[in-house]
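In the block that follows, a single chain appears as structure tokens, in the form predicted alone.
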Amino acid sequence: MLVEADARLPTAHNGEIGMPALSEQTPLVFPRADEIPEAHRLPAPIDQTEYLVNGTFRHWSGPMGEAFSPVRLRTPGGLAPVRLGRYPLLTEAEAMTALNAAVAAYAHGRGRWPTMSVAERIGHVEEFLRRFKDCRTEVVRLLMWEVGKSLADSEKEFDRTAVYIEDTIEALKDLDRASSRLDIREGIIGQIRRGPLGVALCMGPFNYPLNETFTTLIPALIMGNTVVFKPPRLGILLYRPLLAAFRDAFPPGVVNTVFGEGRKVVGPLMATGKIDVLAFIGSSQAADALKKQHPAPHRLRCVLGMGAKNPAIVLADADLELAVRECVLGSLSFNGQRCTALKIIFVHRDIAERFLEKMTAAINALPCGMPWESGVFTTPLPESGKPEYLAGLLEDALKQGARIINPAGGTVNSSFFSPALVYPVAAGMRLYDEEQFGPVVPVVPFDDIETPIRYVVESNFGQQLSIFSSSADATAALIDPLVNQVCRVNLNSQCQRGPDTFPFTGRKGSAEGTLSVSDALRVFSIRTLVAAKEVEQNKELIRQITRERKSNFLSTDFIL
């Protein structure tokens, strides 16, 4: 059931923002080419033929993939897609070349990069960071055009990634300082440090194609692993300006890129058994399929960010203004395309009507438009077929007795989908269990608190949830059982990842491994030690090695 763009349009006006609100949607949401501000226009389509292997650019002359923007342009003939450019569709052979370069650079832990001192590796990452920052304007522009992220959010993603790199460097310095001393226990002298694991395969998601990829890529590199990374299919061209930074900042073979269809290039990499660490953010089905292709899964370290159906539980005593504000942000920021988004809201029946009224008003006031427009909140969706999928969820819910509460909810105009507030959602509807990953907000009424608790307990997901209440007793009674079901309980606030110093993980089918600035360093490394009996001969040997700086591992150097 696709609702046409000119259907169900109320006449309310949101005059404060200077752009249409959702309740005013018309088919003219997309611009003409001459209406795009010059500062945000794209140059000619990008013809990316290069990929990075072993410190050099290789050029591909085979089949190419086409990248299109979620933005459409109004033309006399109707809406036209915007072609952004082309990228290589590499084959298994090219993927193997990239993998072999990473394997050779690691050299069973004997390569230049894994045996380099921590201070030297930090220097290379700092050099990359300088070059990374020089690419800000171009990468931000491509973020907007490739995935439909607003200018403000695209800038935030880039800047947050830069801060993440800086924080990772500082965290490693702290970790190394703590490891720079010798420990003597029970007659044994030892030095414990963290060592790399081998070759890491890093793949990030389209919704945060830069930040989420770098939250695995940077810690994997800085801990001494060599890397093969595959950019997401949506958000692929934004990596083109960064390839030179990778090439120039790291030794040959330390960073290698693979482009193409996952089935053709990633599966064969896993099947070789040469991948030591899999860092993947995507669906659990894809993660399971990748793990199964590895011939020695017991040797494979996995860092996985998978699905989530994070619920909000709004109790009868909740501050409604606060709850609505956080639920709108939590469920609809970047069109609900976040793993940490609130994807189902349980509201006590006593306040459900007032909650829906306030949510409707808040959703109606959300500014919609093109990513470059100031203050825009709702933008086009980048995934092909996503509006149709979301419409199918709505159709299923409506057939089973739910209603779309906000007047323009579910309105579709090509790649634009107006957020839909759906009530009452119940078990048996697809919206109740499926992770919609889009601007559809299901609301479930409840009388008994066991209803949302049972939902959380029975769910296959276990990332986060939010509790909205003014009662210490009621909140505490929910915290204790629910912290054993999810990995973060948010009080009177939306679910979110940050700050990056906090652990980010999930239970059940939501994650494997823990990411934060410090946790990521640990997950991409393993504790290793050098030990010797405390006898004079060994003491003198250790003194000579440390005094003359003969080893990068057995060292008492202190990074300032």
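All residue numbers are counted from 1 along the displayed sequence. None of these values were measured; they are calculated from a predicted model.
Heads up, the form predicted in complex with a small molecule isn't pictured, but that's what we're talking about next.
Looking at Glu212, you'd find a heavy atom of it within 4.5 angstroms of the small molecule in the predicted bound form. A residue is said to contact a partner when one of its heavy atoms sits within 4.5 Å of a partner heavy atom; Cys339 meets this definition for the small molecule in the predicted bound form.
Residue contact with the small molecule in the predicted bound form: Ser459 places no heavy atom within 4.5 Å of it.
Taking non-hydrogen atoms only, Trp145 never approaches the small molecule to within 4.5 angstroms in the predicted bound form. Out of the listed residues Tyr106, Phe417, Phe468, Tyr208, Tyr208 is the one that sits within 4.5 Å of the small molecule in the predicted bound form by at least one heavy atom. The contact residue chosen from Asn492, Gln496, Thr514, Asn54 relative to the small molecule in the predicted bound form is Gln496, the criterion being a non-hydrogen atom within 4.5 angstroms. None of 400-408, 476-484, 331-339, 135-143 except one has non-hydrogen atoms within 4.5 angstroms of the small molecule in the predicted bound form; the exception is 331-339.
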